[in-house]
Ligand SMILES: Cc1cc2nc3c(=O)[nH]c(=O)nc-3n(C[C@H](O)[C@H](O)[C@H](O)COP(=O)(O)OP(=O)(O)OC[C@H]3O[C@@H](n4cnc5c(N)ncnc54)[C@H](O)[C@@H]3O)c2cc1C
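Before any questions on binding or motion, here is one chain by itself as structure tokens, the form predicted alone.
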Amino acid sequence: MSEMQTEYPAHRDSRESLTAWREAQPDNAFLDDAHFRRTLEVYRDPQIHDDLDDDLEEFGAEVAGPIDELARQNDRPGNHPELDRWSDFGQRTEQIAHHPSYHEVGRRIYGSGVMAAYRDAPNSVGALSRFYLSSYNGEAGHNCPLACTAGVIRVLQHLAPDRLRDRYLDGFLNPDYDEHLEGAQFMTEIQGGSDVGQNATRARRADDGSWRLWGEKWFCSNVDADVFLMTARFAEDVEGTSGLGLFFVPRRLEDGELNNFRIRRLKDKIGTRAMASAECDFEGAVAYHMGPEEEGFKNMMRHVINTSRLYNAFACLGSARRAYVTAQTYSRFREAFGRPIVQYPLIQETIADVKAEVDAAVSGSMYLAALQDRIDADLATEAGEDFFRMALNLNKVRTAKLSRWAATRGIEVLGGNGAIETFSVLPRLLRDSIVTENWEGTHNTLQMQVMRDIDKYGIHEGFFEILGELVEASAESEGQRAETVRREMRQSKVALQEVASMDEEAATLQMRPLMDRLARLMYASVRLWERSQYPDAPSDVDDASLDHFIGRHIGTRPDPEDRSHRERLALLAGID
């Protein structure tokens, strides 16, 4: 063997350690996630979720095994979607050409029943539990389409006339990927963005009662969907969002001909590259209005955007969980200065921080999923509905930040290896997180919406009422933890009142940190209440996760010389 081919023992040992790390990855994303499984026990409805654990266990193996490998393959350079506008015989098709791995991922994801769960509507808990696991592999080409499809399903179930519901709904609920239908939502226009009231796409009623749409949409994700939900201006003399309707636009007409739209080009995005986003022109496209015209924007927010914001949160959490798993397992096998890096306190702290944050946000998001089901079933109180309206936006902002932060923290643990696309999933998760952070409302947009809703509707009253009920229900079992959270609740109310007394510009600047503070207060309150609902006593890891979260954000910062604090970090980092 020449000198150039020599592999020194240190090189061989390191490669063997890395191989062992790769082989030590969990083989089931559901069974490996003890906190999610424990949380699910609190929110599942035995009447409709009697086989949910079995379904999630089966899907968890798919997620950690074949879907993981297929998603990696689909995101390699050269395998991304391409615009394929014409058939072999010159017919305009506006199709997207995908690598075979894309379709195989789709077969496995839709086969989990993630959209079929809505046959038991309301069932956000069942659908989003599957979606959380699916997001373990980032967007993977299909998770944005799932969120869009869920919005279409809700519109069909709540707003559509019988003729359209009978024609389309079963296709969207079909778990067979080769037979199912997918949805998309096209709201954004180049001049509008988050300022939806500036949208200019026009709608004109036809003689048969349907509509025709004219205009362009600037950001059309899942552009190869079977149905698009769109906003368009049904009344030019009505300004702002009041003049916008909610339209159901089939890709193909009833005679099989392509509807009147054209794809300009595909977007070259930093992340979510396996899923096709595009710019589109609509040139008299046939459309059907969903619900009363004057309630179009309201229904779009209630059934489409709010659904997507909840899905966006679960997408971020699945990705953040994967970042934790990748970093935690790596730290056990990577050695530096004579010992595994997991034995170093700074590595333990990094991993513990991510673990505690993900656990807290999973609990808060699951609570919102269950509350969405109660609202859909007309079982929520007025305070509960106000809580949902405020908490949904707080949660979307917080989970989006968490996803990006968790990916960068994971990359930090992997060091230089963390920046290599072929070494781990983390670079792809980071790229995807930058996109999901800006979908369904930027931080600034959601911050301003919360401010307006507080000022106009007083939703903060219901928000604090529900939080108070959660903490009081756990006061006996949680003792000092409950008192710490109760004190933070009092202080947060005062902070919100101080912001409300400021002029608008000053209040806007103060609202940004307050949004994160209120989201973390919500997570802590939900975590306390959940623990009082567990069928068994909380585990040592659960105790450590909650205490670490409270210590980071609500209680007294832990003393680094406190031995119990260091033991907590070691436990959360996975050291027995």
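This structure is a prediction, so every number in the text was calculated from the model and none was measured. All residue numbers refer to positions in the sequence shown, first residue = 1.
Just so you know, the form predicted in complex with this ligand exists too; it's not on screen, but the next bit is about it.
In terms of contact with this ligand in the predicted complex, the residue from 188, 260, 477, 329 that brings a heavy atom within 4.5 Å is 188.
Distance criterion of 4.5 Å from any heavy atom to this ligand in the predicted complex singles out 438 from the list 198, 438, 242, 93.
Of the candidate stretches 125 to 133, 289 to 297, 408 to 416, 266 to 274, only 266 to 274 has residues whose heavy atoms lie within 4.5 Å of this ligand in the predicted complex. The shortest heavy atom separation between residue 495 and this ligand in the predicted complex exceeds 4.5 Å.
None of the heavy atoms of residue 306 is located within 4.5 Å of this ligand in the predicted complex. Under a 4.5 angstroms non-hydrogen atom cutoff, this ligand in the predicted complex lacks residue 113 among its neighbouring residues. Using a 4.5 Å cutoff between non-hydrogen atoms, residue 501 does not count as a contact of this ligand in the predicted complex.
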